[in-house]
Every structure is written in C-alpha cells, then in structure tokens.
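In the form predicted alone, a lone chain appears below as structure tokens.
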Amino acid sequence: MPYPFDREYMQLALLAGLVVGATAPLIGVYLVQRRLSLLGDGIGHLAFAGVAAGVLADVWPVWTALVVAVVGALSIELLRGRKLASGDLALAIFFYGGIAGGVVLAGAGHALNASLFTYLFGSLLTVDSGDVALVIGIGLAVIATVALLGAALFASALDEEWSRVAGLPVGVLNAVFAVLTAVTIVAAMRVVGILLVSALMVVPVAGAQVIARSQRGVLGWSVAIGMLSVVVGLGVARQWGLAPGGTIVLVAVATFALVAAASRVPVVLR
C-alpha cells in the first residue's frame, strides 16, 4: 500500500480502525436516538475497571473488560427499565463507580498505571494480528445483529410504549442493545482509548444528522464519516508523529464543523 500505509503495523492499524470506525457510529446512531449519548463514557469507565482488574490478576485485560462492561451495561438497563433510577442517574452511578473501581485497582498493583495507558488513550499502532482478528469478529457480530434487528431497535428507541403495544419484545431489545454497546466499546478501546471511545460513537452521528434526511441516510453517513476519520487521522498521525486515537477523534470533530458550516452557506446566501 502507498504511504502512509506502507508498513505492516500501519496496515494492521488501518484494518482495525476501519472496523471500529464503522461499528462505533453504527451503535452511536441508536445511542443518540435514545438520548443516551454519554452511555459510551459510562460503560467505558466500567471497562477501565475491568482492564485494571485483568492486569492485576495477570489475565488478558480485554476479557475482563468485556465481562465488566457487559454486566454493567445490563445493570444500567435493568435500573432504567424497572424505573429504579432514571437513565442519566443510572448512568452516573456506574460512571463514577467504574472509574473509582479502576483507580482503586490501579493503585493496588505495582507499575500498573503504565499498563493502563494503552487502554486509556488507545494504542492503535501496536495492535497485532490477534487484536485485529478480535476486532473484526466483534465488528461482524455487531453489524449482523444491527442488520437483523435494526428496525426493531429503531422503533424501541423512538417510542418504547408504542413498541410494547405493537408486540415488540422491548426488554429483550434493550438488553441486546446494551450488550452491543458494551462489546463495541471494548473493541474500540485499543483504537481511540477508553477516554475517547464515546466521541467516536457520537461525533460522526452528529455530522451525519446535518447531511442526511432519513434514518437510513444517518446510518450510512455516520459509518462513512467514522471510517473517513480513521483513514485521515491515521495518515496525519503518521506524518506528524501524533497520537492516533486523539487525531482520529479530532478529524471527526473537524468533519462535523465543516459539514455544519457548509450547511449554513445556502442560508447565508439567501
């Protein structure tokens, strides 16, 4: 491949990044519809606690992060669904609990903080073939599930009461969506890092909503902006020696700014 993707490590990073760049905004569309844009942050902090637990227990942190993130996502949905706490309150409880648990576990191990940096801030340029295979597997599972249940997920996101009247299994759909969100965050944490994963899920959707005029259009444009941000962000990071995760998110933010500004041009001209 041509520069800047002429090296094997860049090709592996590009492949993993493109999968995450497609799946993160795909899930983000439904997060925005449910007015839960910060859910990614909450589950991400739970994943941080899982990573810290994995490093402390000397097991692969991805597995412990996946278990903690899935359990946490289902717990948030349980609290919200049973009206034990509102959506933002349930999210806040696990948000702060996750980061507090991560801090405690990080302090319990020697030299543990250095090991957490790759998950907090992303380490896309160090992914190996095993990491890429895991990301692709998770990405394919997410895409297949959305393709199968997309219409039902969209209906339950718009109006849960109507969906129940229509006979849709809203509780099951919400649980499935919670799990999808958790596994997507775990897949993305090596790409952009736990601290920025929510941005990659939401910012491309914000740009897509400016351009698109339908749900299908929002899905398509969100994925396109997410993947474009990965390609451009990786190239810029290689050229100037920048952190790839942060650069990818900044490209997504810049894309939103450009799209938003361009959408105002006809109004100004009138």
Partner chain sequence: MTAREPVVSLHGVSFAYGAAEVLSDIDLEVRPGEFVALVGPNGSGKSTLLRLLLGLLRPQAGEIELFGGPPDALRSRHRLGYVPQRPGLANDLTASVADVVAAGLLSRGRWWARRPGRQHQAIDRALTAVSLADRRHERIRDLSGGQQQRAFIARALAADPELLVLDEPVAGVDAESQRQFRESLLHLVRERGGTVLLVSHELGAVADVLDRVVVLKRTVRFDGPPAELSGTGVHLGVHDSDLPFWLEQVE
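Bear in mind the structure is a predicted one, so any value in this text is a computation, not a measurement. Positions refer to the first chain, counted from 1.
Absent from the display: the form predicted in complex with its partner chain. The rest refers to it.
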Exercise. Only one of 144-152, 69-77, 100-108, 182-190 gets a heavy atom within 4.5 Å of its partner chain in the predicted bound form; which is it?
Worked result: 144-152
Exercise. Would its partner chain be touched by all three of D128, A133 and G137 in the predicted bound form, meaning a heavy atom each within 4.5 Å?
Worked result: no
Exercise. Is S214 one of the residues lying within 4.5 Å of its partner chain in the predicted bound form, judged by heavy atom distances?
Worked result: yes
Exercise. Using heavy atoms and a 4.5 Å limit, would one call L173 a contact residue for its partner chain in the predicted bound form?
Worked result: yes
Exercise. Taking 4.5 angstroms as the cut-off for heavy atoms, does Q209 touch its partner chain in the predicted bound form?
Worked result: yes
Exercise. Can any non-hydrogen atom of Y96 be found within 4.5 angstroms of its partner chain in the predicted bound form?
Worked result: no
Problem set entry | Contacts with its partner chain in the predicted bound form - residues in 152-178 whose heavy atoms fall within 4.5 Å | A152, F154, A155, A157, L158, D159, E161, W162, R164, V165, A166, G167, L168, P169, L173
